[in-house]
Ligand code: AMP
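Taking the form predicted alone, here's one chain by itself in structure tokens.
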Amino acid sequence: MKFSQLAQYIQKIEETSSRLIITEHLATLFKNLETTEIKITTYLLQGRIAPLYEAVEFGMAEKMIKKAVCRGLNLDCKLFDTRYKKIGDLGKTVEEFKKEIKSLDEKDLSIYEVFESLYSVATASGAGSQDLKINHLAHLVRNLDPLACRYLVRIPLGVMRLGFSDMTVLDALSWMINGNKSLRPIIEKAYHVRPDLGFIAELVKRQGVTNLKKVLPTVFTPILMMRAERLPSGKEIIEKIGKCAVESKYDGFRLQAHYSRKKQEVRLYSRNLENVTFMYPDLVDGIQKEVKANEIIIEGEAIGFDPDTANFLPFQETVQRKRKYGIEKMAKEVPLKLFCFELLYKDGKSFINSPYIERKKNLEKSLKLTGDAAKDMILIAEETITDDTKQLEILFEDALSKGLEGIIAKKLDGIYQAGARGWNWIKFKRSYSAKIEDTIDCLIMGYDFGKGKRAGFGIGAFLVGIFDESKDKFVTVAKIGTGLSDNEWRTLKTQSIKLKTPKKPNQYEVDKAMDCDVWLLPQTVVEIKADEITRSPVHTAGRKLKPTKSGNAFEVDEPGFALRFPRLQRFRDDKRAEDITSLKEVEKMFKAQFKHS
């Protein structure tokens, strides 16, 4: 397929707000692609040339891309900037200039040819690499037609603005085969084990869903991490899963460690699939010394440890280890321990479908434990197996006394549900009463300009939402304007600069009363604390509408959920937009308020 044809499909998707129609457009595109094209096309639709967990970045800021465009079209940069300020969209600005400038160099390049050039852009390094990147992109701008150029320049920016999630792509793959979403659960299960949309798309295109069950864990391909359900008391946990293994819930960085003895390599992945190996050289060294397997994938929580007192450090101190500079110095000041609690793969065998007790037993056999917590870098999360409600409550209080978040109860015969939230793990933090003690992970959707002192920050209040899985939409629960320190306001503004988008993303469902001065792409996740969950007609989480008597409009039939007295706890850079709290979870928390009040 030619890249110009791909651009036409992308335009249809960009101009569509209906998730169903977007799914149909994607399915049609996938049907018309060659098997050898679907993998790279899927990456390009994400604004990438590789899976998310591979650190292959373009390394081109907006300024460099503008320079490449001006070089390719022989334009004066000031003239381009003037037009760009009026249009406000880099892709559409390039498209306009291409329509005005008649180029003799235009060629109908294939998707593969464009991908190869973009790959050269991303992998160029060393002396002169910046100029090489600019020349590669300038060459593509000269060769492609106006519409194709609109989307070409958005790819290295990583800002495609197409309004669909990974789950929509999985729906489209099912639609490509069956004309409906019936195959989505099978495809999604494979994706959770191997979260590489390009790989999954090519496999489905080539073989259908027949061999998806054979998709198994692979070292150096992160597995989407399992999530826990919530229950408000020990009694309900025992009633739900019976005798269970109880572990402390650590407040640190959840990491998935991949190790190959043959390659002498360790990679550490965060919850959002980011390769963070370089941040934790002490853990890498510990894994190489203390793991007995030839190949292994283990999961645990990295938490700061004070060797003088043998106490855990609070998250505020542990978080200092998440940095790009001064890593060796901080590793000495804030040493880490990795408390392992899951074995997912070992020496050719997958353990994700094995019962918990088998996974834990084999995990213990895989580590060289001396029993000295001060010396061992990699530790096993301690467990207590019980079916006694009172003992479970005591374990919970004991965890709190040690400065931990709470406890996790694990079903003894439960499997590891990659990427899913299930009753095999149950989180017990605090009793969910009218005063909600648990936090809610929200997406920042946009913000309003500040007044007074906050005019200096450029942000006065920001809109947050949760995820409605049934709609594949982000829906609102609060607009927050208080409770942030000056530094947090500055952090929020800095993180928002690259995420600004001219219009509200299609994935956002927002009432007009909650419109923002600036809309942001779905990326920044924050942990929010609130006193309780209430009802509000202006928030869209769980809100139901009905036609007015005239039938020409809609009115609120049932108000949505809203957070009362919301305040920021922390930024969650380790989480993706898809990992935020779901509408179903908020509904359960809302009902629990009345049950336990």
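All residue numbers refer to positions in the sequence shown, first residue = 1. As the structure is a computational prediction, the values presented were derived from the model and not from experiment.
The form predicted together with ligand AMP is left out here; the points below concern that form.
J.: Could you confirm whether Cys77 comes within 4.5 Å of ligand AMP in the predicted complex, counting heavy atoms only?
T.: Cys77: no, not in contact with ligand AMP in the predicted complex.
J.: So in the predicted complex, does any heavy atom of Ile87 sit within 4.5 Å of ligand AMP?
T.: No - in the predicted complex, heavy atoms of Ile87 and ligand AMP never come within 4.5 Å of each other.
J.: With the partner left out here, check for me: in the predicted complex, does some heavy atom of Lys410 sit within 4.5 Å of ligand AMP?
T.: Yes, contact at 4.5 Å.
J.: Taking ligand AMP as it sits in the predicted complex, is Trp425 in contact with it (heavy atom to heavy atom, 4.5 Å or less)?
T.: Result yes; Trp425 sits at the interface with ligand AMP in the predicted complex.
J.: Checking a candidate spot here: are Lys249, Glu301 and Arg421 all in contact with ligand AMP in the predicted complex (at least one heavy atom each within 4.5 Å)?
T.: Yes: each residue has a heavy atom within 4.5 Å of the partner.
J.: Which of Arg490, Lys235, Arg71, Arg254 has a heavy atom within 4.5 Å of ligand AMP in the predicted complex?
T.: Of the listed residues, the single hit is Arg254.
J.: Go through Phe462, Phe341, Tyr191, Phe467 and name the one with a heavy atom inside 4.5 Å of ligand AMP in the predicted complex.
T.: Exactly one residue meets the criterion: Phe341.
J.: Can you tell me which of 198-206, 226-234, 165-173, 475-483 lies within 4.5 Å of ligand AMP in the predicted complex, counting heavy atoms only?
T.: This holds for exactly one stretch, 226-234.
J.: Quick one: which residues from 267-284 get a non-hydrogen atom within 4.5 Å of ligand AMP in the predicted complex?
T.: Residue within 4.5 Å: Arg271, and no other.
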